[in-house]
Each structure stands twice: as structure tokens, then as C-alpha cells.
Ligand code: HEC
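Quick setup: one chain, the form predicted on its own, written in C-alpha cells, and binding and motion questions come after.
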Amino acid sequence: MLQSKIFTFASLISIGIIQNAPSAAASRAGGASRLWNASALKDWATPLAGLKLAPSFVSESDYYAAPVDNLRTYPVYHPDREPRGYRESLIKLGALPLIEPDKLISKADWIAAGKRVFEALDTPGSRTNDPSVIAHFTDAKTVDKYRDVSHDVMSADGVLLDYRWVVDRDRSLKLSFSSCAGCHSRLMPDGSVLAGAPSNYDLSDSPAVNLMLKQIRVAPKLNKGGRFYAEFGVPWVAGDAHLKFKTMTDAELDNFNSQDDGAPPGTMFARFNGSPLFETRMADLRGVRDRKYLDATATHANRGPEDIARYGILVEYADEAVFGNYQMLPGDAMKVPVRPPDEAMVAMAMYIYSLDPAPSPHPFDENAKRGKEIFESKGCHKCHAPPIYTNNKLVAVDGFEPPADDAATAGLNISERRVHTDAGLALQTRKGTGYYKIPSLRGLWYRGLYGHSGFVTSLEDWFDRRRLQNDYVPSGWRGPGVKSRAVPGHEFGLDLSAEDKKALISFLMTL
């Protein structure tokens, strides 16, 4: 029976229902190779502008040498909304697997399992049963205190988003941070949760959460300044703006991190290899199957669900830390501590690929109809081509010239047009490919941030010519301690009349 179920999944791969998605199950049946393999990784990443080469990945052998972590996790309820005996029932269940691939037969089975993985995958390094952490999430007054002054949120059914319970192998109940769903789920006005959409909530700034965060520090043997530079430094860029972090005292770094950057809670992230000086907004994964590149700067190709699976591995378990001759982490920090089952990541990717853009509640009325006519007459559709509202091309930023006759970049779909947006993220970070991808406009109605760095919080602000001025105060992300700044580029639509702008926005909000 086991062999027939594995064969079924391998068969789905072979007939193209799952687009060449490698899995350990298929591998055991003599089918596809491992998910994390040298052949698939070879041409996956886009070369970086300052290096003219792509980052290096953790090797296949080193990655698969890590022990497998396959533990199911569970929602964390507000103490006043927690079902009677809930935690005791979890402990009684014991340590259960996150995924059981031998029970999955059809594509629908795999997508359903992927939904559970998406919701339940956690950050293993954050798990703790420290009494102070458990006490925090047991006392309603404490939870409410930090919900009032911080950014914890609760769904309509009483779930505290961004946290998970996990029963470890010794049957101890631990608190952990949510992984994929924590950044790619959105709390909607009615209290429902829109899976795959960019998040709009954050972790609380509480002693319990800070204790959990300390457990997952990058390169703990380095001092705070050294860790900060290891996360964000770009030594191959002349005048690297991150060098100052190396020599900052702990107090100076704490002060820097505490500065207001203008972004709404939970919407921006200076992830490892990113930058607090050039942040990016959380990605929208709904409809991602129609997009050819991942990340705002097209750091990686999206050739099928297996690349979504690999990207999940990359950011949670085995991120890039070697760039040519530059190794950004000490050797002991390069080891992959644990890894998920290949099947879990493939299933999750299949689920993400199944997510359609959420239907807009905004009516396609006469004003939106006129906006559509403006959209087409002004040529917006040339870059944002329906029905997916992107042409999947890359736009080179000012200060970068795409290399000619370069085999490594020959397959990139590069637009002849430049739109002159802020080039910081594309040139001065470890995500700096020299390009921005032309984004899809579907889902604009719920995203809440616009521009690759989430500079503004409304389309009205985006189409306001005043944003080109240096004294402009963006409604979204400005940068740590920055009071005003220009939001340059993409001047299309700025000279429309007030009525035409309103009509265009009405149309865009229906997508």
C-alpha cells in the first residue's frame, strides 16, 4: 500500500499536474531528485549587480545532513477564548508529525496537507517552555496589556496570530513563532484571516517575546554590531552604508532599532540579507503562480511550485551567506540546525500555488469602467498586462547597466523602459540585482503599501506629485529616524486630473 501511494505522487509529477516538483517521496520511488539539489540551485538565483555573480547556497550534502524536524503545531488562543482543557488535550496527543506523506494520494490531498503546513510551520529556534513565556500567554491581563501597547492581533475566533503551540518529542508544551503564515497572512477588518496576503501585524514588544527572539540570534558569538553587519553588510559595495553598524555600541544599536520608520506594524521586514536602511514590504503570495520572479528585486526565479518550496527552505532554514569571496557568517553559524521534510515544503508550495487573487469587494461601477479606459489609453497595460496585470519583465535601476552577452543573465526578461524609482534596495543590499520586477496590480485593494519599499499607504498618495519632493512626508516607510524624503520614479499618472485619478484608482481597486 505504501508503494502505491508513493507511486501515485510520482505519477502526478510525471504527467505534469505538479510541475516537476521534487519530493523525498518521489525520490524513494526512483522518481525526482531531492528538492535541495545542485542542479536545481545552479541557475536559480539572479547575479548581484556589484559582484556579477549569484550567491552560493548551502550544499546538498550539508543540508540533508541536518536532522529532520516534522512536528505539528497548534493555534495560540487568547486566554479568555481558549477552549476548556485545550493545552492538556495537546499534551495528551503527544508529538505528532506535521505531514504524513504516505497518507496523501491525490493532488487535492497534497494541497490540503500544504494548507496545514503553511498555517503550522514554525521557527524551531524560537521554541521554549520557559515559565515566564508560558505565564505570559496564560494571563489575559498580560496578553491584553501588550496587545494595547504593541502590535499583537487576534482573529475573530480568538487566535493570537504569529504564535504557535508545539508538543515536543518529550511531550513538553512549548511556545513558538509562526513561520510562513506569520508574514503572509493578513487580518481583515471583519477579523478573518486572508492566507497568502502580506501581514499587517507584528510581534509584541514584551519580555516573553524578547526572550524567544534572543534564542534565534544570528551568529551569537559575535557582538551586537558584528551580528548586525553579518545580517546586512555589503562589503563589495563602495561606501557600504552598513559599515557604521560594526562600530556602534549596543546602546547605539538599540536606539537605532527603536527609531520610528513610518511603516505600519508588521508590514515591512529587514530580513537577513535585506537591510533596515532599504526595507521591503511583505510579499503577496496570492496569484504567485503567474509571476516569474520572487522578491522585489527578482532575486530568484519562480519556475514552478518547487521554487516556492526552495524559497521557504532558504529563508527559514538555509539562507545564503556566501557571496563570491565574502562569507558573511562565521563557520559555526553556517550549519543548518534542522530541516523540514521535503514533502512538507512541496505540499505547502502546491497550496500557495493554488491561491487565487482574492476577489475585490469594490464594485466595477461606471467610475471604475472609466478608470479602465484611462488605464488602457495611457498605456498602463503595456507593463501591467491583463489578466495578470504584469508583463513579468524586470526594470533596470538608474546607475546599473545590464551586462551585455552575459550567459548568467541571458534568460532574464528585461524591459527597455526605466521608471527611475529609488535604487537603494536594488544596488546597496545583498538583494541588489540591479533590477526591480514589474509587480502585478491584482490585490491592490488589500495590500495597504505601495512601492517596493512600501513608501505610501494609499493609491491617492502614489498618484500625488508632491511625493517627488525632498520635503515630502511619506505615509508609509521612510527609514529609521527619517522625517521626510522624496519617493521618486514611476511618474505615470501623476499629471492626470483629480477626476481621472479618482476613476483610475476606482478601477485599480477592483483588481
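Throughout, we count residues from 1 along the sequence that is shown. Given the structure is predicted, the values throughout are model-derived calculations rather than measurements.
One more form of this protein, predicted together with the ligand, exists but is not displayed; see below.
Of the candidate stretches 75-83, 138-146, 375-383, 324-332, only 375-383 has residues whose heavy atoms lie within 4.5 Å of the ligand in the predicted complex. Listed residues 175, 294, 230, 277 were compared with the ligand in the predicted complex; 294 is the one with a heavy atom within 4.5 Å. Proximity to the ligand in the predicted complex, defined as a heavy atom within 4.5 Å, holds among 395, 104, 368, 99 only for 395. The candidate site formed by 459, 462 and 490 is fully in contact with the ligand in the predicted complex, as each residue has a non-hydrogen atom within 4.5 angstroms of it. Interface membership of residue 130, defined by any non-hydrogen atom within 4.5 Å of the ligand in the predicted complex, is ruled out. Contact check for residue 244: no non-hydrogen atom falls within 4.5 Å of the ligand in the predicted complex.
At least one heavy atom of residue 450 is located within 4.5 Å of the ligand in the predicted complex. In the predicted complex, no heavy atom of residue 200 sits within 4.5 Å of the ligand.
Scanning 278-292 for heavy atoms within 4.5 Å of the ligand in the predicted complex gives 280, 281, 282, 283, 284, 285, 288, 291 in sequence order.
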